[in-house]
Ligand SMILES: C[S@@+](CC[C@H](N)C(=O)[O-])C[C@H]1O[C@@H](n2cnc3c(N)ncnc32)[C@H](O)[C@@H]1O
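Coming up is one lone chain in structure tokens, specifically the form predicted alone.
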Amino acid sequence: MQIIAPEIERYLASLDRSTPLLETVAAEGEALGLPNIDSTVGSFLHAMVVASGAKSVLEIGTANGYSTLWMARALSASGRLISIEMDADRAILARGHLAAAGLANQVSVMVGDAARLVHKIAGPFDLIFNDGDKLQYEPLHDRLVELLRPGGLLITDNVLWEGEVVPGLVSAPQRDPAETAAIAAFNTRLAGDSRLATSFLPVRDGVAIAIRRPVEAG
């Protein structure tokens, strides 16, 4: 289901400040059938890194590095990004693109199961982008919040799941019902998490942005 009218999506995409490398990586991702973000979400991520002054970024779900590039390009020279990817071949592609962009020294692509690796990573992070296995959204949630600094941003993609999280909206659902249920449960949990101030945005397939509230003194 098209959440935003395609004409509007094309117009917004025409305003994005992409680069030849980003366009190449986007085309590669499409050819490989990878579930990448689009340039509108990429521009949003880039802006969030700049706005937050993020120097430490964590990404769950590298794919071939498209979203990684958008965020890494926004980092200062001292900024660092860690990205976790389950598929080793995709990680190799991402590392190659990051090297071509001159960002290899600022970005580390780790290969493995995010559910295990996030417990081996030390925070805090200024920004976390969660775009990995949808079945892991809720199981990873507490750990990702723990890894955020107060005031840090947790950004999650695909929270609308082509509208299928809304019961009865899509007459012929195409998504895995287990993933749809997992995202719906995650959205409910995210919205009710008192540690976070959260907004859900109907951008592309739905993006949630949550800000970790300051820790109150006990």
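Residue numbers run from 1 along the displayed sequence. Please read these numbers as outputs of a predicted model, since none were measured by experiment.
The protein also exists as the form predicted in complex with this ligand; that form is not presented, and the subsequent description refers to it.
Heavy atoms within 4.5 Å of this ligand in the predicted bound form belong, among the stretches 184-192, 49-57, 162-170, 34-42, to residues of 34-42. Residue 86 belongs to the set of residues with a heavy atom inside 4.5 Å of this ligand in the predicted bound form. Under a 4.5 angstroms non-hydrogen atom cutoff, this ligand in the predicted bound form lacks residue 73 among its neighbouring residues. Under a 4.5 angstroms non-hydrogen atom cutoff, this ligand in the predicted bound form lacks residue 95 among its neighbouring residues. This ligand is not shown here, and in the predicted bound form it never comes within 4.5 Å of any heavy atom of residue 138.
Residues from 190-213 do not approach this ligand in the predicted bound form: none has a non-hydrogen atom within 4.5 Å of it.
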